[in-house]
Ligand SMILES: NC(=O)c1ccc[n+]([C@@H]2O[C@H](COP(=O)([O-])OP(=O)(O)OC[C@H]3O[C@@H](n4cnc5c(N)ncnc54)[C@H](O)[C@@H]3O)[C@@H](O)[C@H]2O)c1
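We begin with a single chain expressed as structure tokens, specifically the form predicted on its own.
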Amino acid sequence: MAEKLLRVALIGCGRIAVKHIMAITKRHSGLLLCAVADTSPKAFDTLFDSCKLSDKKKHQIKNTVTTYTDYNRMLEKEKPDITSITVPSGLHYAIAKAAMLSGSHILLEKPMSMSVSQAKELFDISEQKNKRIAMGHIFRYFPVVGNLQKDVAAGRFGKISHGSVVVRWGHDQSYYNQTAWRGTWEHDGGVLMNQCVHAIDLICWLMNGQATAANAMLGKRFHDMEAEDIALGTLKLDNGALCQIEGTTNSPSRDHEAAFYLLGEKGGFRMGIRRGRPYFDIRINGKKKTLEYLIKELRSKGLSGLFSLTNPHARIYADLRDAVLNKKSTIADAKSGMMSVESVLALYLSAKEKKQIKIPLAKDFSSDEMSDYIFN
């Protein structure tokens, strides 16, 4: 029996869209790119030319794709099974809502939205309309991570003391200058909302808890923009564990690093990615277990699983396709998108009001309410 192809429409042709094109058009993906929408008529051609595909494959794919400058018209005419949303963060909510109401499942780049109420509304729509959301929380799809999370939840590492996450994802000023929305409170936020939101999602998931309180301080040290380029914070989880957060875009742009640490009564682990290279150090009862977890990953997913760092979006699409066809949740689902946004916004509110903030928030809060924040 021929493999069922799910039709995918892409909205937004920015830098991250290249990874989506490569994942959708990957051999045996079970997906068909049917349409692309962008306000610039030539955006798709520019995007497609930057994809590392053979001329023959580019020609084949272009014959299946219809381009639009109006995403609403595209949704109405194409009725895609999946809509991928890769527009600036401030536009996520409106487009995700329109796509689900039109009958489409969605792959939504992080963050889910820029306000607590909008994130909750998207979650509610996904539940009411029975539409799957796969969030672009790429760290959940990295090798070994899933098995670590299951074992923490099962108690293999014992009671959790604390965890930490460090995101040193440097960008020079040209990164913020290239488009007007970057680094703005309304459409992007700073390092917490842009670079750290999926790392915060991962550490809370790994620690098997939900954030119940937040404390934070923000700084703007090296960049000319509205929002922060350095943030330090802590989260308290509902299981009593504490989590420390460091995020900055002030570090060298050629030395990107995301690092995670967890300590439990029976063991713990360090893992992360630096300069594109992953590392793991997993120990239980004083014994190193890294090789055990790597072998388990190899047996369950093969070599492709171990080398999925090159484009984790391929695993997100495979997970979403499986969720759609088998009517189950995605690994990074709508709830994860909603909770991570609220955690980040609680950190922002803590910095603004200079006090600890309880989660869930007592009232709605959005990133653009930080526009009057004064950096000391």
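When you see a residue number, it is the position in the sequence shown, counting from 1. Since the model is a prediction, treat every value here as computed from it, not as a measurement.
The next section is about a form of this same protein that is not shown, the form predicted together with the ligand.
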_Interface stretch in the predicted complex with the ligand - options 146-154, 204-212, 267-275, 103-111, non-hydrogen atom within 4.5 Å_ = 103-111
_Contact at 40, 138 and 182 by the ligand in the predicted complex, all three, heavy atom at most 4.5 Å_ = yes
*Though only this chain appears here, would residue 14 touch the ligand in the predicted complex if you measure heavy atom gaps against 4.5 Å?*
yes
_Is residue 198 part of the interface with the ligand in the predicted complex - any heavy atom within 4.5 Å?_
yes
*Please run the contact check for residue 241 against the ligand in the predicted complex: heavy atoms, 4.5 angstroms, yes or no?*
no
*With heavy atoms only and a cut-off of 4.5 Å, decide whether residue 91 touches the ligand in the predicted complex.*
yes
*Of 126, 86, 248, 118, which one comes within 4.5 Å of the ligand in the predicted complex, counting heavy atoms only?*
86
*282, 95, 258, 82: which sits within 4.5 Å of the ligand in the predicted complex by any heavy atom?*
95
